[in-house]
Each structure stands twice: as structure tokens, then as C-alpha cells.
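First, one chain by itself: the form predicted on its own, in C-alpha cells.
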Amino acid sequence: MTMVKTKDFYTALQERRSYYAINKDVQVSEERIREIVEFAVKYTPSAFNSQTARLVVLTGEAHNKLWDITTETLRKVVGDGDFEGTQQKMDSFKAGYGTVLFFEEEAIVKSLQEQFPLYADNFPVWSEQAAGMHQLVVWTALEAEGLGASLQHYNPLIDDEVKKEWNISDSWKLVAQMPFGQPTAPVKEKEFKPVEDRVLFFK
């Protein structure tokens, strides 16, 4: 699989932001999006090479359905009386082109816990760390293509309906949702704490 970069890695990582103003008018092909996601799943590392990441890409009506499910689920929790802000947020995600759902295969995690009991407590932690790496790789790769994305966490509220709607295995644990699309507004400059306060070098 050959990936053609539109931005170098440093630039894409530097310019990656949380985009909430997005629409469906993307110039990136479905094939390219598939390539990005499959590349991330294949090459992003995981503890013990466990390869626990499971990704689902929703576009078109499937993408719209996800945010309809999330909206109605949250309406039951928040109630209609104070729902305007939540509705606007849901509409902003639905306005995007697609969503990447990030899952972790818990059956593999449990199997590793049984095989290596000395590290049993660590495998769920390592699974979450692998999930985070997959999220960053996909997010940065989408940025490299000129797409905007953000990372959301409406799990576990939506888990059951999502699994039912797309016939997803019960052993897949939903950990994050990444709506993406064409950015329609600039994002604010990001503030950084001094790097010298956060990184130490010794020799």
C-alpha cells in the first residue's frame, strides 16, 4: 500500500486541530479515506503486537444515522427543556462527511490477560494506549488531506444502539467517535505551555 502525502508529518501534526465547523463538501475520495484508515490500522503499534484496534467508517446515511442515534439518546438524558446547545453540537457533527468509530477488541485483551497473568492489570491500559495512537494517526492523516476532525466520546451511552444498527460484535468496546469533513471556519490559535517545563534531557 502506497500512501501519497499531501503534507509532511511535522506539518500535519502541527496543524491538526479540533474542527467543529465542517461540511460534506470534501474533495477526498472514499477510496483515499479507506486507504488512510486501513493504513493506520495496519501500521499503528500495539502492546505485544496484539492488534486490538477495530475501526468502523460511516459515511452518507450511515454517518447521519449515527448522529441521529446520539441526538435521541442524549435527549433522553438531558431532556427537551435544555437541549438547544446539545442539538447544535449534534447538528455540527452530522453536517460533516463521515465519522470514524474506534473500538477495541476486548476478547483479545482478556485472552492476553489469561496468557500472561503477571501483566493482567496492564493489558486494558495498553489497549487504551493503542486506541489513542490509532486516533492520532487517523486524525493527523485526515489533516494531511485537508480535512477537519474532532474526537468525541458519547460511549457508553450509544454503545448498544450502535452495535445493533451495524451488527457489531459484543466484544468490541467503543472508545471514541471522530466526525470529519471539509473545514468551513478557521480554528483558534492553540496555546502551548513551555516545552522546557515538560521535557527533560539527560546524558
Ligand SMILES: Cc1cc2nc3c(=O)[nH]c(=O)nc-3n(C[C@H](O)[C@H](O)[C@H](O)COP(=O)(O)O)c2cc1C
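Bear in mind the structure is a predicted one, so any value in this text is a computation, not a measurement. One-based numbering along the sequence shown.
The form predicted together with the ligand exists for this protein as well; it is not shown, and the discussion that follows is about that form.
Colleague: So in the model of the complex, does any heavy atom of residue 67 sit within 4.5 Å of the ligand?
Modeller: Result no; residue 67 lies far from the ligand in the model of the complex.
Colleague: Applying a 4.5 Å heavy atom distance criterion, does residue 178 contact the ligand in the model of the complex?
Modeller: Looking in the model of the complex, residue contacts with the ligand do not include residue 178, since no heavy atom lies within 4.5 Å.
Colleague: Answer with yes or no whether residue 153 is in contact with the ligand in the model of the complex, where contact means some heavy atom within 4.5 Å.
Modeller: Residue-level check for residue 153: yes, a contact with the ligand.
Colleague: Indicate whether the ligand has at least one heavy atom within 4.5 Å of a heavy atom of residue 190 in the model of the complex.
Modeller: It does: once the ligand is placed as it appears in the model of the complex, residue 190 has a heavy atom within 4.5 Å of it.
Colleague: Within 4.5 Å of the ligand in the model of the complex, do 16, 20 and 139 each have at least one heavy atom?
Modeller: Verified in the model of the complex; spot residues all in contact, yes.
Colleague: Using a 4.5 Å heavy atom cut-off, which stretch among 160-168, 24-32, 44-52, 144-152 contacts the ligand in the model of the complex?
Modeller: Correct option: 144-152.
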